[in-house]
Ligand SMILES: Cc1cc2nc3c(=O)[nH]c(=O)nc-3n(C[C@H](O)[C@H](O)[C@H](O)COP(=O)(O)OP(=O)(O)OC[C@H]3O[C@@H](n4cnc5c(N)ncnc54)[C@H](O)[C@@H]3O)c2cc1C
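In the block that follows, a single chain appears as structure tokens, in the form predicted on its own.
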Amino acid sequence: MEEREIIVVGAGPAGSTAAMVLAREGRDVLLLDRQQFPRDKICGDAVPAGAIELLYNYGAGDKIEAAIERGEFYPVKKMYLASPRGYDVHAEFAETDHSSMITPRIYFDALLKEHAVESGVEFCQAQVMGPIIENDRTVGVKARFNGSTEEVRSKVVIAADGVSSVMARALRDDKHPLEHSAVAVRAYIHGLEIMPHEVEFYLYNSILPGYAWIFPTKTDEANVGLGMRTDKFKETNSDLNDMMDEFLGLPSIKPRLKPGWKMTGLKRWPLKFGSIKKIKRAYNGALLIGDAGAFINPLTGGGIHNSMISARIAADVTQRALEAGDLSEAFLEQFESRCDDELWPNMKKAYLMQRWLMNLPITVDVLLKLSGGKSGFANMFLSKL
């Protein structure tokens, strides 16, 4: 039976960030993931400038610049937003030290995991089966290493194992309401005429309060997808693949598909919005971060930056808890309150906009027609990147 100081479950953006920050503080961190890297992760692949800035602050700037040179990271500078009646706007991103990027997660997550290992984290491929709970306290995890189930104990476990988190299911009994979740589908379209260094959002009646997107990954390739709130999607009795075909057949999209174009990597996935006030994320000896903690923006579906912010806060609270020798739920609840302070105001605003968009879609046309990219609604989409 192995004993570690900290176990982080899941090596996506949240898990790798938390592990990296703690290792840089001199902590003993074991990072577990069920897959080896690089590996694909279903996503829209949009990485906001704020997330890129965090990585520069953690010393990963050289890796990012090398990835840009290899064509793995595609900088974006502008946004195109189209309303249900065809009003549209082009808006420039605010000037920042670093650009937002479109980068397939096969590259982005591998870069993060590599930087975490270089920062002192020990990575191991393992399928985590669930937490070890003794006297209402998480004291480690059960995991399968090379086909053998073992127990690994630790002082604290940080769960970052995604939207279907086995850790969250074991620690929390409540189900995420359908009106606070979404389903999405994405594919890579090769042979598509793109708007260079510009992301595209399309809102149209059959998909509201969701949207479709085109995020360029190269000069003639893009991540193309759409997402819709789960309860509304179920009411339509539609199929996500058919909805993708509908989007690609729109008069504004179909002519941009070049002869011989092809689609690869068509996959769907669920999302859990962070639009429920006071989501339980702290337990005796354990924290839930990233998608496991439901930090997805309820309007844009963006989650990478929020996940990394939750990881930074979790790492700081964990460091303080270890210094104080107190891994109790009462101490770790600082994580929840700090996440509420930093992330909840934007989550609440986004959810109110989403509800308004569902009930009064015509106002989107009015806002874009009258105010263009200066409306609060357009700025919410800008904030995704």
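One-based numbering along the sequence shown. Every value quoted in this text rests on a predicted model; they were computed, and no experiment measured them.
Just so you know, the form predicted together with the ligand exists too; it's not on screen, but the next bit is about it.
- The putative spot formed by 26, 121 and 321 is not touched by the ligand in the model of the complex; no residue has a non-hydrogen atom within 4.5 angstroms of it.
- 32 is the sole member of 32, 332, 347, 52 with a non-hydrogen atom lying within 4.5 angstroms of the ligand in the model of the complex.
- For the candidate set 194, 139, 126, 243, a heavy atom within 4.5 Å of the ligand in the model of the complex is found for exactly one residue, namely 126.
- Checking 91 to 99, 252 to 260, 78 to 86, 265 to 273 against the ligand in the model of the complex, the stretch whose residues place heavy atoms within 4.5 Å of it is 265 to 273.
- In the model of the complex, no heavy atom of residue 66 sits within 4.5 Å of the ligand.
- Using a 4.5 angstroms threshold between heavy atoms, residue 302 counts as touching the ligand in the model of the complex.
- At least one heavy atom of residue 296 is located within 4.5 Å of the ligand in the model of the complex.
- When contacts are judged by a 4.5 Å heavy atom cut-off, residue 338 does not count as touching the ligand in the model of the complex.
- Taking the ligand as positioned in the model of the complex, the residues of 8 to 34 that bring a heavy atom within 4.5 Å of it are, in sequence order, 9, 10, 11, 12, 13, 14, 15, 32, 33, 34.
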